[in-house]
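Presented below, as structure tokens, is a lone chain in the form predicted alone.
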């Protein structure tokens, strides 16, 4: 059984919370793309955990977690992330964490290049997290990447690294007028983490293929959401990888496998970290009130998230692109302070009303068309079944469900693992 959990919108939908909730039913959880440029926040009986690289299933002792072929992995960041988990009583070992030998490594010079370019762009910046993601994916496709498996053969690694460092130094010196890349420092960095993570690095494609054939339950966990996808997102304000469910088996390392179930995650309102068009964005007091109510600050960066009402146009598009079979709606409890709840039902593009998600300049100039529904205006955090839901909340869920044309199966009413309602 192969299940994919994906973000429907701009990311930050609460995927980690849903993976943590459902991971107990799984044998294996796989992260299939992205790096440490976004975070999944999970709250359970042990406390609050922010995961940037590790699959959210790592918090379940009986689940094996895999960092897939499609990921880009900063080993220094991973080392700190694992240390933080161990300090919180979470076991991490080669028995429950496996790193694909084909995953590309994010090196210190990727981070340097990211920062230098964002500084050069100044007011025209893309809103990068400055963690090297675009540059390491660029190296992957220019065949200048270092794979995790290369750490298994230091002689081969030394030869590969020599030409790459020479190239990177040319860019550093002649484009950014910065210091060259040190071969010795970079090789020492790689050697250090080869010793730490050598036993974790395996052919995860073989492992997952055998598990899938044996009927194991495998969950594929995406980073970010539809609108940050390199092909289908708000280009160029996207990430550098594919966040789409159909890429999941490829990024996991089992490209011939077929998905059995796609769970899309979306918030009961809209949030966005980073630059780019965000049609339903709120500003001023209205935005600050929602941001504070929802604790809307980036899990990876701490940056204040841009916020606004639920966006039907973007969400219906996200459900279609992801091929979602069902939806998990998160953070409905945050809207409890509102007497009337706004919904962006369409876009006005230069006087023309559209229900389809536009691209290019049409998206840049689009204005939201807002309708209001009654709020429930009460505490819903104790609700655990459909019968507990206030009528206004049930109506809100049914309204969104109809508008995005996808069934809502899970409704989150709080941050804790058990704080949700299963609708069917």
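Residue numbers count along the first chain shown, from 1. Values in this document were obtained by computation on a predicted structure and should not be read as measured data.
There is another form of this protein, the form predicted in complex with a small molecule, and it is not shown here; the text below is about that form.
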property	result
4.5 Å heavy atom contact, residue 43 and the small molecule in the predicted complex	yes
Contact test in the predicted complex: residue 334 vs the small molecule, heavy atoms, 4.5 Å	yes
Residue 23: touches the small molecule in the predicted complex, heavy atom cutoff 4.5 angstroms	no
Interface membership of residue 34, the small molecule in the predicted complex, 4.5 Å heavy atom rule	no
Heavy atom within 4.5 Å of the small molecule in the predicted complex - residue from 140, 305, 316, 102	305
Which of 324 to 332, 91 to 99, 160 to 168, 229 to 237 lines the interface with the small molecule in the predicted complex (heavy atom within 4.5 Å)	324 to 332
